[in-house]
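The chain that follows stands alone, in the form predicted on its own, written as structure tokens.
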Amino acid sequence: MSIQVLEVWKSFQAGLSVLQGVTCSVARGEAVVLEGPTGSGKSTLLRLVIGAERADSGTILVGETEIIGRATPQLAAIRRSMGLMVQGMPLLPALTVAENVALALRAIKASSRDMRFRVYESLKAFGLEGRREAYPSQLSGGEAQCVCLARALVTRPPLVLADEPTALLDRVTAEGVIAVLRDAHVRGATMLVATHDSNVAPRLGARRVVLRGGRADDGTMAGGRG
């Protein structure tokens, strides 16, 4: 699945445009890292791509599907084909770690046997298989972040969107997370990762898109209206 963002504008209050005519793209099977400082619009752009926020104007295509203006049930169906670690999608406190990760598999109607195996394997990739029966309140911030990413990847989705996947992690754990993301990309996943860490792109082998002042530079085209 590819992503095309064309001349997208987004404001949260009058006179404050977070994104100003942003244009960028992610080709099918490509890994792209969206870089920029806090407040540059990285998280907003990811939420626009999945339809969790609505752009003021512009075009957003995921594959051949236009996201802007799509009805909620249609957006829900599209999201089931994505692996999502974005703001606004936390772990559910009443469910165990394993149950939280299994939610993504339930959405695609995986069998109980397949669910148990894939949940275990997904958590094992992050060294968290021993925390399957823990609840979110019993996890550290870094552990919770890794569980969110395990949930995003457990279905082996064709498209992965991750927001600051290494932000709360120590160096060793962060390297492990990047390795897991790299493996998913090698298996064919299209990937869009937002981060303020300039070390993620080279370690992931990804192209960099830089958001600055509400505009984008993806190395091939520039966003904005002049």
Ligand code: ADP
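The first residue of the sequence shown is number 1, and the count goes up from there. From a predicted model like this one, the values you see are computed outputs, not experimental measurements.
What follows is about the form predicted together with this ligand, which we do not show.
Only one segment in the set 59-67, 170-178, 41-49, 185-193 has any non-hydrogen atom within 4.5 angstroms of this ligand in the model of the complex, and it is 41-49. Within 4.5 Å of some heavy atom of this ligand in the model of the complex lies at least one heavy atom of residue 18. At least one heavy atom of residue 53 is located within 4.5 Å of this ligand in the model of the complex.
Under a 4.5 angstroms non-hydrogen atom cutoff, this ligand in the model of the complex lacks residue 29 among its neighbouring residues.
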